[in-house]
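The chain below stands alone, shown as structure tokens; this is the form predicted alone.
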Amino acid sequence: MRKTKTFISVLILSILLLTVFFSVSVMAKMTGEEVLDKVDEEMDSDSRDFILDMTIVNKNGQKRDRKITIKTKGENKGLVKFLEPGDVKNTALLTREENGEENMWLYLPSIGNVNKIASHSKSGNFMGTDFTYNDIDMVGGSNYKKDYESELIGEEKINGDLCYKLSAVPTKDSINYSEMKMWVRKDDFMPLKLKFYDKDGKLHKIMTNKNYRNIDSHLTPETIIMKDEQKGSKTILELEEVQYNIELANRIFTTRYLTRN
């Protein structure tokens, strides 16, 4: 009788343990959309003000140095402005989303005009860099969930960090990629590597985020590299300074403000 009771107790305990194990496994299983939600959530802030050193390297290894500032406010306002050198100083790109439509304007001081970027031109390279207009807008703030539909396709390690591996397809015609693959670190939902594929399904570019640092409770990559695998060029962004959740006047994000030096 005692053996029977012991057996039944062990059986019940085993069933309970298995139930807990499978429940935890199911809860731990995330979808691609949920991972993108977490990426956006972890990278979110009311406002940002970056200063970045930019190095453009062509296929022959020749370099051009730039310095830019990126300011964002909320989910619908962004400004990229060149600070150095003199030949591109004050060149600026304004992004505003209104009524679900994202609009962009480019100001070129040498011409003195503010021109609206046509939708089909947003996939073109931004000021000779390896970032498109859409790409550079993404650097200022995460909007992956808004621009992509994602599927979780596995897990892989990147430099020893276990990552969710996602396959994402654009939801906007202005994004000229057929697919984006993303590796998101499981510990903190930081995107470590992104691969972009052209309309023919061939690898086009690889973006790498390196050396995340905690700044004002925000994990921030010190280095961002966008490499064009087809052209052999790359653009490197090095973090010089960043402030989060600061007061930025709405007038900064207007076409009139673009022309102010």
Partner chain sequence: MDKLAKFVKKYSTFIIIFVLLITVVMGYFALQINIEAGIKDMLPENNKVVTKYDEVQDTFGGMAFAAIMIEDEEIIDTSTLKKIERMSSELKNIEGVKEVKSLTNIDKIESSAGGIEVNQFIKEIPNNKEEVQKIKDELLSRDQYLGKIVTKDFKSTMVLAEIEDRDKPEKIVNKIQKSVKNYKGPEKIYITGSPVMVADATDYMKNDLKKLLPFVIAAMVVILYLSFRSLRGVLLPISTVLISVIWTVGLQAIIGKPLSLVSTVLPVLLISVGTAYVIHIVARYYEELKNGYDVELAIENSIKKVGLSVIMAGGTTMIGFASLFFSDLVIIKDFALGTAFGVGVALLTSIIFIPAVLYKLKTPKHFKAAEKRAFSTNFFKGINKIVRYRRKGIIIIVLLIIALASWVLPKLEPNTNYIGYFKKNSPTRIATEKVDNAFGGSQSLNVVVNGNIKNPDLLKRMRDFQDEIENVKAVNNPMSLVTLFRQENRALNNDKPEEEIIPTTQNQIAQYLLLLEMSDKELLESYLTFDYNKSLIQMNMKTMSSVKQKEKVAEIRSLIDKHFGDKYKVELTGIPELGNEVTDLVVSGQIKSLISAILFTFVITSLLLKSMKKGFFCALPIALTVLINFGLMGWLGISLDIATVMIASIAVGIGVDYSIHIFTRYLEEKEKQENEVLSLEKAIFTVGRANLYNAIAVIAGFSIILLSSFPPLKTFGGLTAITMVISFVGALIILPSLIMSTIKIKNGNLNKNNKN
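Positions refer to the first chain, counted from 1. As the structure is a computational prediction, the values presented were derived from the model and not from experiment. Under this definition, the rigid core comprises the largest set of C-alpha atoms superposing within 1.5 Å between the forms.
Below: the form predicted in complex with its partner chain, not depicted.
Three-residue candidate spot 170, 208 and 226; no residue lies within 4.5 angstroms of its partner chain in the predicted bound form by any non-hydrogen atom. The partner is absent here; in the predicted bound form, the one residue of 62, 214, 31, 230 having a heavy atom within 4.5 Å of its partner chain is 62.
A heavy atom within 4.5 Å of its partner chain in the predicted bound form is found for exactly one of 83, 175, 190, 114: 114. Contact annotation for residue 66: at least one heavy atom lies within 4.5 Å of its partner chain in the predicted bound form. Contact check for residue 125: a heavy atom falls within 4.5 Å of its partner chain in the predicted bound form.
Of the heavy atoms in residue 220, none are within 4.5 Å of its partner chain in the predicted bound form. Contact annotation: residue 180 falls outside 4.5 Å of its partner chain in the predicted bound form, judged by heavy atom distances. With the partner omitted here, the stretch from 69 to 77, 153 to 161, 83 to 91, 182 to 190 that lies within 4.5 Å of its partner chain by heavy atoms in the predicted bound form is 83 to 91. Taking a 4.5 Å heavy atom cutoff to its partner chain in the predicted bound form, none of the residues in 166 to 196 make contact.
Core-superposed comparison between the shown form and the other one: the C-alpha position of residue 188 differs by less than 2 Å. When two forms of a protein are overlaid on their rigid core, residues whose CA moves 2 Å or more are considered shifted, and residue 87 is one of them between the shown form and the other one.
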